[in-house]
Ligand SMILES: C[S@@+](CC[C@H](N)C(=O)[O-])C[C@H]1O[C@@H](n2cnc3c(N)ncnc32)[C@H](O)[C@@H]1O
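Take a look at this single chain, the form predicted on its own, given in structure tokens.
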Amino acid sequence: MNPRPFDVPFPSTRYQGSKRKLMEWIWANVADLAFDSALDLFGGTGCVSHLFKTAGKRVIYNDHLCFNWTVGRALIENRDTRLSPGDVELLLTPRPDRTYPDFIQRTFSGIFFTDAENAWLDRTVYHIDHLLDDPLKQAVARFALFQACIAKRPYNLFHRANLYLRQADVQRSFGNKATWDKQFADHFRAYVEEANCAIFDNGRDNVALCGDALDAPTDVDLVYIDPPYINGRGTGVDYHDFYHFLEGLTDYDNWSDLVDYRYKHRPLRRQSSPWTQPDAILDAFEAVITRFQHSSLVISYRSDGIPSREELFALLRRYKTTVRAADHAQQYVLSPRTSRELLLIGV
């Protein structure tokens, strides 16, 4: 028997923009739509894909970032592959017969994590790549590693070289020093357990893809569109920059060739995207809506964003017979303003 929506818990995450806390609201607004298959076009954490999976839908997860795609493989495409306690200890136990690489230690010293933590990361990535021979087990392990890295970061991001925020002996109005100082291995074990609990088989052939939104398949009943957000001042959310460190972890052997060493936080070389450009994003929305116009369309965005609610509503009306909107008050971390989360639905 397939689970019902929310019966299988989705792992906790500190990923910026995650819709994990809004899933009940999202489901309340789409449950009445007639759809058997769903494409999550900007999959991110995978929580909405996971919601559709628990509802018994055939799910296609897509994201252009490889580390997010890895999460999609671990939690959406994966039917029943989990990490055993033995697998976890294999990954966390140093092997005196191995010579470990030190790229993270050499490249990111004093930037995001302590020297000892960087050495732990070098070793653990090596173990995932070389001691696990099942790609889905590797994906589950990387999911836990990504979440552990995010949890130990001030602001949960990698956009600044700000290790000093963790180490300074001062009063703080944000963050959780106990979480920052918790050992990587303890975080890793906890996230493996959460991932294992989230893995299940809904009897459908679900798949995770890594590619551009305009290359995703069109033979789906519903497309959920949750792109990067540009605020009213024209500042976009650049996930490639915010999470470049995690993207590097997915391609460790080639990481050194991808880094832009001009910047203190050692990001990957920038990629141009219309989804982070105020003057291009409306055209990007139209290209996506045109491509998937024969599917039901569900757009997640923010009330104070570019494009505006009115522009997106008008755009949907050009392609869909019926368009409706729902909003939800949402207080965002480190922001004094209350923005409203939008859901625009066209059928």
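Note that the coordinates shown come from a computational prediction; the quantities given were computed from them, not determined experimentally. The first residue of the sequence shown is number 1, and the count goes up from there.
The form predicted in complex with the ligand exists for this protein as well; it is not shown, and the discussion that follows is about that form.
Peer 1: Taking the shortest heavy atom distance, is residue 62 within 4.5 Å of the ligand in the model of the complex?
Peer 2: Taking the distances in the model of the complex, the answer for residue 62 is yes, it comes within 4.5 Å of the ligand.
Peer 1: Residue 239 near the ligand in the model of the complex, any heavy atom under 4.5 Å?
Peer 2: Yes.
Peer 1: Is there any non-hydrogen atom of residue 18 lying within 4.5 Å of the ligand in the model of the complex?
Peer 2: Yes.
Peer 1: With a 4.5 Å heavy atom cut-off, would you call residue 42 a contact of the ligand in the model of the complex?
Peer 2: Although the ligand is absent here, residue 42 would touch it in the model of the complex, with heavy atoms inside 4.5 Å.
Peer 1: Between the options 135, 94, 211, 217, which residue brings a heavy atom to within 4.5 Å of the ligand in the model of the complex?
Peer 2: Contact check passes for 211.
Peer 1: Looking at 30, 316, 281, 47, which has any heavy atom no more than 4.5 Å from the ligand in the model of the complex?
Peer 2: Contact check passes for 47.
Peer 1: Among 34-42, 52-60, 289-297, 303-311, which stretch sits within 4.5 Å of the ligand in the model of the complex, heavy atoms only?
Peer 2: Among the listed stretches, the partner-contacting one is 34-42.
Peer 1: Judged by heavy atom distances of 4.5 Å or less, which residues of 287-306 approach the ligand in the model of the complex?
Peer 2: Contacts from 287-306: none.
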